[in-house]
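Next up is one chain by itself, shown in structure tokens, the form predicted alone.
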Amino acid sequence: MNNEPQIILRRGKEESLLRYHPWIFSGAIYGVIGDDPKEGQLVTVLDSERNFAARGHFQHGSIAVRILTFENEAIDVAWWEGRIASACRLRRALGLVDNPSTTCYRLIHGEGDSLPGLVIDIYGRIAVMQAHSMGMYLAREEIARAIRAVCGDAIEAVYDKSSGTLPGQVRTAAIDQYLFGAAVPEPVLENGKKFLVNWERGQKTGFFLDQRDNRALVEHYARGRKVLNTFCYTGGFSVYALQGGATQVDSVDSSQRAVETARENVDLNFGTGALHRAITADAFEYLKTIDDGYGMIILDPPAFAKHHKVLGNALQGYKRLNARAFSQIRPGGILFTFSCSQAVGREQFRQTIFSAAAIAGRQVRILHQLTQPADHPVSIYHPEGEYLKGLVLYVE
């Protein structure tokens, strides 16, 4: 710790740390004691009176330091094991560890687990790690050892898949690889449903675990309805809709690989005779052709706004997409609509959907307001962590 660069904050800028917010922005920094910190290096943060305030990973950019601890403690083997053990205790309390019907869940969710910049997903006996900061990437071997120490034989391999999640200027440094062990991608269970997960080639870590609870709600409402699942990716919502008794499910995605994966997952659960069609098409264009053919429509697009600079365009995109769905869905239909853009606030999203309903001229009632599941926790000190917003709407 003595060799760490020390970052001094401007007067008044320590207030966010007193509220345990895990980010320090570059504009809050007054100066540095010692050598200029390197990308990903551990730094000590001092308040304007030169008192210890926090310790974290340095990064060039708007968010200059991601806080690991507000205590004057070493970030060593015992520290990593302690943080991962704490996260594991929460998942065990949620009933996700050693659950025979659900063998995939999120073990580490960044700031929500006091490990900003780190995501770890569990698929059976495989842990898949993604670093969103150079500091976490540099600590990947320590993290892998801590996973092994905490989880023991329950985890037989740790795969690092950070090449697509690191900041642009350092992304070329990352190579996706097994940090421990090796495994062949294989099906996992979610609420008893089977899903093929390819953590090596798939999007994110291989599967969108954050929609688990919302998929179960689709199953609840699907009976007797013809269902359209747009931006279907692996077909998770489609499998649940079929299990719930949908009369027909159509999975639509612009990616041929995604459509094929959705078809494989439906076949895995129901055989080749399921009432399911996998369609390669642009969702915006497909929605123009459906008339009132569907009694349930699911809109789960990729993030339209990855940062605030494009927020206006993103909100317009959500408005156009939802207005089209409102205008086409059958009377008495159910619309599931989502935004996974962190830059889009919950109220902003709701107002955008309100505008879309008004444009379509439909009477709409809110049945549920949705978010991410409990294994994607939100720190009360970091409300920005609530990135997934969703509404279940009844359309007259």
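A quick note: this is a predicted structure, and the numbers were derived from the prediction, not measured. Start at 1 with the first residue shown and count on from there.
Just so it is clear, the following notes concern the form predicted in complex with a small molecule, a form of the same protein that is not shown.
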| item | value |
| --- | --- |
| One stretch from 207-215, 133-141, 262-270, 114-122 that, in the model of the complex, holds residues within 4.5 Å of the small molecule by heavy atom | 207-215 |
| Option touching the small molecule, based on a heavy atom within 4.5 Å in the model of the complex, out of G312, P302, G224, G95 | P302 |
| The unique member of A174, A281, A274, L189 whose heavy atoms fall within 4.5 Å of the small molecule in the model of the complex | A281 |
| Any non-hydrogen atom of C232 within 4.5 angstroms of the small molecule in the model of the complex | yes |
| Close approach of D250 to the small molecule in the model of the complex, 4.5 Å, heavy atom | no |
| is_contact(A258, the small molecule) in the model of the complex, heavy atom dist at most 4.5 Å | yes |
| Proximity of F237 to the small molecule in the model of the complex, heavy atoms at 4.5 Å | yes |
